[in-house]
Structure formats: structure tokens, C-alpha cells
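Next up: just one chain, as C-alpha cells, the form predicted on its own.
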């Protein structure tokens, strides 16, 4: 029998640098309330959102991704040509094919690195980190660029009272590389397809074309059901992640959950019995829900504000349409 050789990688992987891009346009609740017969007070009570970022015509998925990636590369001290793979998590790249990751890698100047998109909604960035970490340890890459990016305003109806005030735009990126000590813990991930319809694109593209209507299919969400599921199920996933990583909640310095809803964040923190000293990402108040981009955006803000410091231990956890979820413990670069 022919014996095949196998690749061997680094003993461990870690995050070397984080970067983000926030669109220029800041949209306060007051700009949205009339179309959905609502109020600033109601939106803040329901979601914790005060304002969000909407991308302009020139702030494309590619443009925002490249800007976030350049910041991450600079912080990591890595040249684009050193990147061995580009992974882009998004649900709002409007071409079915080719993957936007290929264009991003080319614009950045990677040396023809493999590049692909993944669709895991709000959990996409954590999925990308898990894939990149495994590639580094498995020997198929040394440095991996993971991007979470969304232009959710392209697929959001501003007259939908349940979603118009929630979704926003932006990009975040992380450069992963080899390490002598674990910097990215084992992933705990999965999906609950029984809840498939709780967050989804309203219509199949084919149905829209048959009806010959000019508007885009938009996102719809059963908010109360999502709140109940996430508030309690994700606390269990968080504990399982800590257990797999060999640490306890007392070892955490930073908690970075998906920025879906401030009430969900608070409910998770209570269910997990997080110590008061643990610093919690609350980027949603000023950024809104950016799906796959929310965790790197929130983490980068915490780093910039000094709330997350190099060497801190952080729990990342995300959930979204599918319902897909993923979590891992990481060391802040």
C-alpha cells in the first residue's frame, strides 16, 4: 500500500492582531422611528441600541473588509504576502459566486492565497476562527486572515418594526498565526435546525423573480423566540466552552458575546454568573447588530478603549440564523 505523507503544523494557534472598519454614517434612533411607528425609548428598552452605522454607496463589503484587514495586518506585524488563507464570514455579499474572499485577498496583495466565504450568519466569525486555528495546527496554513463583514442594510426593510432598528453595517478582521502556547481554545459549535425559521431571509429569490417585484428580499426575525432561546441555551454553550478549555468563569477577564441585543447579553451574563470584574462588550449600543462582524468590531473597540488588554483571557460566543452557534476562549493579542 502506498504510504502518503501528512502535513504537520504548529503546536498551537493564536490571534496576532485585530482590526475593524465602521462606516462613516451614524444613524440615531430618531431617524428610524417614524417609519416603524416607534420611539427612541421603545428601541432602547427593547434592544439597548441608541444608534448604529449604515454604509454609504462607496462602503462596499470588499472595501470595508480590506480596511479592517489592513489594520489587523499592521497590528499583527504581518505582510499580506504572508497570509496563507483568507476566510470571509458574511451573509450580505450579493453575488452567489465567486466568493468575495478572492477579491479581498487580491486587493490586499496576498500571494494567490486560497480564499473562500462561509455562511453561518452571526456565528460566522467564530466559525472562521475555529477553521483558521485548525488549519494552522494541521499544517495547511501558517497565517490565516479571518474577516466578518456585513452590509445588512441591503437586506433590511426600514419599515419592518421588528428588524429596522436592529441591523447595521461594518467589518472586523483577525490575523491568526502559530504559537508555542494555546491562544485559541477548542471550539464548541453546532446548529439547531428546528429553529430554522426564527431568523431568515423572508423569501426565496426565485419567488421574488416570479412576482416581478423590484424590492430585495429582506431579513425577518421572531424576536421573542430568539430572545428566549439565546438567553438560556447560549449560557449552556458558554459553560461547555469553558469546560473544554480547562478554565472556569473566574479565569475570564473579558466576555465578548454576539452583539444581538443588550437584554440577551445581560441575561447570558446572569445565567453564567460572571464575576463583576469581567469586562463585557456592549458595542451594540452604538453600532447595532452587524451579524458576522459584531464580535471583531466589539473586541476591537474594547482593545482601543483599554477594556481588553494584551494577554487577557476572553470568551467569544455567537449565535444567529440557522440557528447556528459557536464559541471559543482566546487570548487577547
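Positions refer to the first chain, counted from 1. The structure displayed is predicted, hence computed values, not measured ones.
Below, we turn to the form predicted in complex with a small molecule, even though it does not appear here.
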| query | finding |
| --- | --- |
| Stretch in contact, per heavy atom within 4.5 angstroms of the small molecule in the predicted complex, of 182-190, 84-92, 247-255, 226-234 | 226-234 |
| Whether 36, 47 and 162 all lie within 4.5 angstroms of the small molecule in the predicted complex by heavy atom | yes |
| Heavy atom within 4.5 Å of the small molecule in the predicted complex - residue from 166, 103, 130, 242 | 166 |
| Of 136, 260, 238, 146, the one that lies within 4.5 Å of the small molecule in the predicted complex (heavy atoms) | 260 |
| Contact test in the predicted complex: residue 303 vs the small molecule, heavy atoms, 4.5 Å | no |
| Residue 122 within 4.5 Å of the small molecule in the predicted complex, heavy atoms | yes |
| 4.5 angstroms heavy atom contact with the small molecule in the predicted complex for residue 320 | yes |
| The small molecule contact at residue 289 in the predicted complex, heavy atom, 4.5 Å | yes |
